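One chain follows as structure tokens, the form predicted alone.
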């Protein structure tokens, strides 16, 4: 068979990075990575289970592969968290799917593809172990390199399917992490993004590895320009981690810290392991150590039993916390989780109304916070081009900045902020010809 593979991804940055590893495994086996489904001999759908919408999007894309299969020979594999949870049931649900893979053992994927291609069998392989030899990722970005430090999660929050889809939390050996970071630095990457469901739980399963703050310091001293990480759990955030962030100049002043709700009763039902008061205390301590810290968060609205008053508690927490941005979603029951046994009793229309109210409050706060930057200079790592010929990138605190002036992708440039919207800052490069110095 011809060896061209197309990979489509839904979900979090962990999924995006695992698609880079899938591409690496396939390339090592002689496959070319293509950017269009209609050019591929093998199609891989790396799916998500965290939200119902992600499932629906993947299932909606099956029709595009069915159309290709009518014209020519195409092999379709469906995997990731979606494949791990549903397994062989996917094969029964759709005749278009030739094989199912899970969240682990990606180095063996090419062998599975060849087996399906040669024998015509349909297979579901979701019980693979972690790879002893990890695939070298084919990175999507030429600027920022994603590096996994933990896999899985052992928290079992009542709404979350991640422990069932990815298994218990497992820390990668620090030597592997540092070697991957050093390779990225040597290849010219300006930024490293450390990934995990709970990065600040790093090392709790392997005491010889040391804690997250130790790893963070070691990564920051590899010579990389910027170090970012996501996501952190409030329960595991320590003073030592805050001190490491504050004292290492290459660690970005950005903390993504999911709060999920502002109601103590709902937080207890979610099994989050902290209170509203403790959450606010953490970010207050962090901001005292780093006045320029940008805190972002995740929030779920319409959790089972959430009253209107409890939703107002969430709104008031958002007002107090002054987040730079909020990733908000309506609750949707996930199979296998504890919350799925509870009545999903907040009506869909009420969930939507709460979501829009939350986003409205957050947009106002984000605009107010962003306006404080007008007239200031910020350092921006240029990530790409805008449709109108400008550029965009991230400030040190992770705020998006639209940049006018002649700059190249991958440059780290000073930018004078001239305007602000809720979603981004707008500025002029100070190294461009004619810019104010």
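Just so it is clear, the structure is predicted and the values come from calculations on it, not from any experiment. Residue numbers count along the first chain shown, from 1.
Heads up, the form predicted together with S-adenosylmethionine isn't pictured, but that's what we're talking about next.
A.B. asks: Please tell me whether the candidate spot formed by 325, 354 and 423 is one where all three residues come within 4.5 Å of S-adenosylmethionine in the predicted bound form (heavy atoms).
C.D. replies: Looking in the predicted bound form, the three residues 325, 354 and 423 all stay beyond 4.5 Å of S-adenosylmethionine (heavy atoms).
A.B. asks: Counting any non-hydrogen atom inside 4.5 Å, which residue from 228, 217, 330, 276 sits next to S-adenosylmethionine in the predicted bound form?
C.D. replies: Checking each option against S-adenosylmethionine in the predicted bound form, the one that comes within 4.5 Å is 330.
A.B. asks: Sort through 255, 245, 300, 109 and report the residue having a heavy atom within 4.5 Å of S-adenosylmethionine in the predicted bound form.
C.D. replies: Filtering the options by heavy-atom distance leaves 300.
A.B. asks: When S-adenosylmethionine is placed as it is in the predicted bound form, which of 383-391, 43-51, 405-413, 57-65 ends up with heavy atoms within 4.5 Å of it?
C.D. replies: Contact criterion met by 43-51 only.
A.B. asks: Indicate whether residue 232 is a 4.5 Å heavy atom neighbour of S-adenosylmethionine in the predicted bound form.
C.D. replies: It does: once S-adenosylmethionine is placed as it appears in the predicted bound form, residue 232 has a heavy atom within 4.5 Å of it.
A.B. asks: Report yes if any heavy atom of residue 150 sits within 4.5 Å of a heavy atom of S-adenosylmethionine in the predicted bound form; otherwise report no.
C.D. replies: Answer no; every heavy atom of residue 150 is more than 4.5 Å from S-adenosylmethionine in the predicted bound form.
A.B. asks: Taking S-adenosylmethionine as it sits in the predicted bound form, is residue 162 near enough to touch it, meaning that at least one heavy atom pair lies within 4.5 angstroms?
C.D. replies: Within the cut-off, so yes.
A.B. asks: So in the predicted bound form, does residue 296 come within 4.5 Å of S-adenosylmethionine, heavy atom to heavy atom?
C.D. replies: Heavy-atom contact with S-adenosylmethionine at 4.5 Å: absent for residue 296.
A.B. asks: Of 247-286, which residues get within 4.5 Å of S-adenosylmethionine in the predicted bound form if you count heavy atoms?
C.D. replies: Contacts from 247-286: 258, 260, 272.
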